[in-house]
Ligand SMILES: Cc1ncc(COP(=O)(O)O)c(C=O)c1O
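Taking the form predicted alone, here's one chain by itself in structure tokens.
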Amino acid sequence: MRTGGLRLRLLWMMFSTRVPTDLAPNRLTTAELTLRARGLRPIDLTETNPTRVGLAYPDEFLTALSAPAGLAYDPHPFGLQGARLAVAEELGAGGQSVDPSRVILTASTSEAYSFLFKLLCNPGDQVLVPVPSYPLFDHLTRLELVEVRQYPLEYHGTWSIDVDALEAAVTPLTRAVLVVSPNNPTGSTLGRRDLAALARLCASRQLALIGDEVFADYLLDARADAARVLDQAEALTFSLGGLSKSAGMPQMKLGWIVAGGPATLVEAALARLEIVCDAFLSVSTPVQQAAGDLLAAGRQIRALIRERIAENLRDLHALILQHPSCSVYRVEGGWSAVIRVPAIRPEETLVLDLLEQDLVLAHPGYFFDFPHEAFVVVSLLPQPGDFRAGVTRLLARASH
């Protein structure tokens, strides 16, 4: 035992504390793997990969990747000018005025966060992130030796930022405020009043505002005052997007950062960000050469995704009428829905019973740091027949 314990301690000492020491899967993942090993395939209400939900991608979708220009390597820290222009024009078609010189290409939104944390933070510095929200932030910040401080979203028929709590969370080590709109999983969007408050706070405290807007093309029940982070110019701002969501192409690995705010701050940020990007040069040449064609083709997939999530949300609202003890929180945008269920058992027990007894996989609310129980989060992307069957079983299980 002593020898085994010593070996284990030495093993831990070999690796960075940036990565977790406990690598065991959680109970829900373990239960799913057990079922699949038995040949059982549960209905997956957590599926968010658009390439796996029966959407009709055209056969010629990848043709642009075979262009001969992709054979030449001509690296640029922020990406090829033609690709940056294509992104700016695509955003312009959606109503945003974007200067291509302020567009920075990355391999993914996760990489965009990594670059921005390198730009803005020293080890031990802090960023503010919303809760509830997707748990990826914990991993990305830990890998960059950055600390997370949370600020709450409040729900009163619609979601809003608790601005007072956000301001109270700011410390001398805070370097940036992250906002996700539409949020995953709450489906909430940023309103102009909250944006104005964020801009004032960030400008006065010399903080950067980072807006994760990857789901911005999927508005379902958007508030009348819905805003984008670049709608203000007070604070140094970075808006994040990518092909993964906007064009339904996660496999293409092309994301972008758009910088905004006071010109002097933007210029200083871009000069430093160029050094960071030049050290990686991670975006492939073929996908950059094909960016314009992929963005254009992605409009067709985006339309299919919009139809799918709208249909599934309608079905969810219809099904939940049969279960008055459950309710659906307002979904303003994105691909997820939050279902409030009776708190008669722990969320983990509910989702485990749902998986093992009803063969339906869903996420518990605590996965996203909801402040209390009981919530279940479902994706709106699955094929409609699967979605209806899965939600029917979920609501029946939750109501009894």
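Quick note: we count residues from 1 along the sequence shown, nothing fancier. Every value quoted in this text rests on a predicted model; they were computed, and no experiment measured them.
Keep in mind that the form predicted together with this ligand is not shown, yet the notes after this line are about it.
Think of it this way: in the predicted complex, this ligand has a heavy atom of just one of Ser108, Asn312, Gln232, Thr285 within 4.5 Å, and the residue is Ser108.
Between the options Ala290, Leu119, Val214, Ala259, the residue in contact with this ligand in the predicted complex by a heavy atom within 4.5 angstroms is Val214.
Not displayed here, this ligand is approached by Ser244 to within 4.5 Å at the level of heavy atoms in the predicted complex. Put simply, Val129 is far from this ligand in the predicted complex: not one heavy atom of it is within 4.5 Å. Using a 4.5 angstroms threshold between heavy atoms, Val180 counts as touching this ligand in the predicted complex. Not displayed here, this ligand is approached by Asn184 to within 4.5 Å at the level of heavy atoms in the predicted complex. Remark: of stretches 96 to 104, 81 to 89, 198 to 206, 244 to 252, the one touching this ligand in the predicted complex is 244 to 252 (heavy atom within 4.5 Å).
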